[in-house]
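Okay, so here's just one chain, in structure tokens, the form predicted on its own.
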Amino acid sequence: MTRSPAPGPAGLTRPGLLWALPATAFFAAFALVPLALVAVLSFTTWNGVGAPRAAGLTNWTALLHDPVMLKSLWLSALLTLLGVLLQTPISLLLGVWAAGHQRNRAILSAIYFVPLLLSATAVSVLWRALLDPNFGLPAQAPWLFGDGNLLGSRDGAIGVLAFVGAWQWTPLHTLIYQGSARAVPPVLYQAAAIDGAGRARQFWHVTLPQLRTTMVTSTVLMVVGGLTTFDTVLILTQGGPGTETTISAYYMYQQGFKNFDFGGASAIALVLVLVATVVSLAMVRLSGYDAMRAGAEGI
């Protein structure tokens, strides 16, 4: 006997629980189960060969006293913050601009979205070649790049990582803002124009408030993506110079696939998951996003 759908707002009905089973099963198989296995592995010592051996809290105690791990968390937070500060205003303004229906905007938007079609690996290889101090842009414009070895200093390497990340992922957030800006009811702009508001005031008092939930969603995606970025660091800096760009995700790779300490790497992975989850939930909570409900929520 099947359960009848529960009534929703305005006489509409909610789908039954069976509709959620495929997605739930997929999420459990490819997210929850692997995460549980990583949690178990974090309490073991394992070099990838043979059976893991129980190690208790050894891996976690080592992390608490590991200066590289603490530094990697700070670097991850710094790169994430730089990414949010760079990408948010650019993607917001470009998204609102691209929401116009003029033909030239559609063409320029399509060109601008090209970096989004490339993989992070391809983007990293591209910029590593372009920033080569001997044959790339720095060699052609020493007046702008100085000695040209941008990846040889801490500030230069961090700046390059932030710029390359923004170059690739700003188009994604621009697309998100573009779709949201087009969903703003035109009547709001018409009412604002009648009240004498120009474009600048319409942007600040109509567009931005309407994009509030979109800004929260975009920022959460930036934060999670920034905390878990890996391939860009692997190809561009390999954690260098020294450990100046060894972020947590790259340190996890080093521990697991270079030092063959998969137990310690699993502990780092869990720390990343916990940090990303706590930060995301805090952002949603503090922004009031969870209190925003549509009239047809859950239908």
Partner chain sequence: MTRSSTPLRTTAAAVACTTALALLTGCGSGGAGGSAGGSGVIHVLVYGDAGNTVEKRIVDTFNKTSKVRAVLDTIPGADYQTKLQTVITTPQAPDVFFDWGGGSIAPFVKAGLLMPLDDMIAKDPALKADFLPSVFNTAVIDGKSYGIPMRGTQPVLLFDNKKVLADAGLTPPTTWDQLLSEVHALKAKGTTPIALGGGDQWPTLMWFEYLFDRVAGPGLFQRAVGGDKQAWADPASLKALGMLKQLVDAGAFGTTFDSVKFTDGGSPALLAKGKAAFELMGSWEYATQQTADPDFAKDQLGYSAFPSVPGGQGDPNDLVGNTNNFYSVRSTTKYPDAVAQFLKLMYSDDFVKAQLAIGNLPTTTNTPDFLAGSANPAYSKYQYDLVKQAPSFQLSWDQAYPPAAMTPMHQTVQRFLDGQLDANGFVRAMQALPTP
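Positions refer to the first chain, counted from 1. Owing to the predicted nature of the structure, the values given are computational and were not obtained by experimental measurement. The term rigid core refers to the maximal set of C-alpha atoms that superpose within 1.5 Å between the two forms.
The same protein also has a form predicted together with its partner chain, omitted here; what follows describes it.
- Comment: its partner chain is not present in this chain, but in the model of the complex one of 265, 69, 41, 272 has a heavy atom within 4.5 Å of it, namely 41.
- Residue contact check for residue 204: none of its heavy atoms lie within 4.5 Å of its partner chain in the model of the complex.
- Contact annotation: residue 74 falls outside 4.5 Å of its partner chain in the model of the complex, judged by heavy atom distances.
- Using a 4.5 angstroms limit between non-hydrogen atoms, residue 211 is distant from its partner chain in the model of the complex.
- In the model of the complex, its partner chain sits beyond 4.5 Å of every heavy atom of residue 225.
- The candidate site formed by 47, 54 and 147 is fully in contact with its partner chain in the model of the complex, as each residue has a non-hydrogen atom within 4.5 angstroms of it.
- Scanning 129-166 for heavy atoms within 4.5 Å of its partner chain in the model of the complex gives 132, 133, 134, 135, 147, 148, 149, 150, 151, 152 in sequence order.
- Once the rigid core is used as the reference frame, the Cα position of residue 27 differs between the shown form and the other one by 2 Å or more.
- For residue 269, the Cα coordinates differ by 2 angstroms or more between the shown form and the other one after the core has been superposed.
- Fitting the two forms on the rigid core leaves the C-alpha of residue 53 displaced by at least 2 angstroms between the shown form and the other one.
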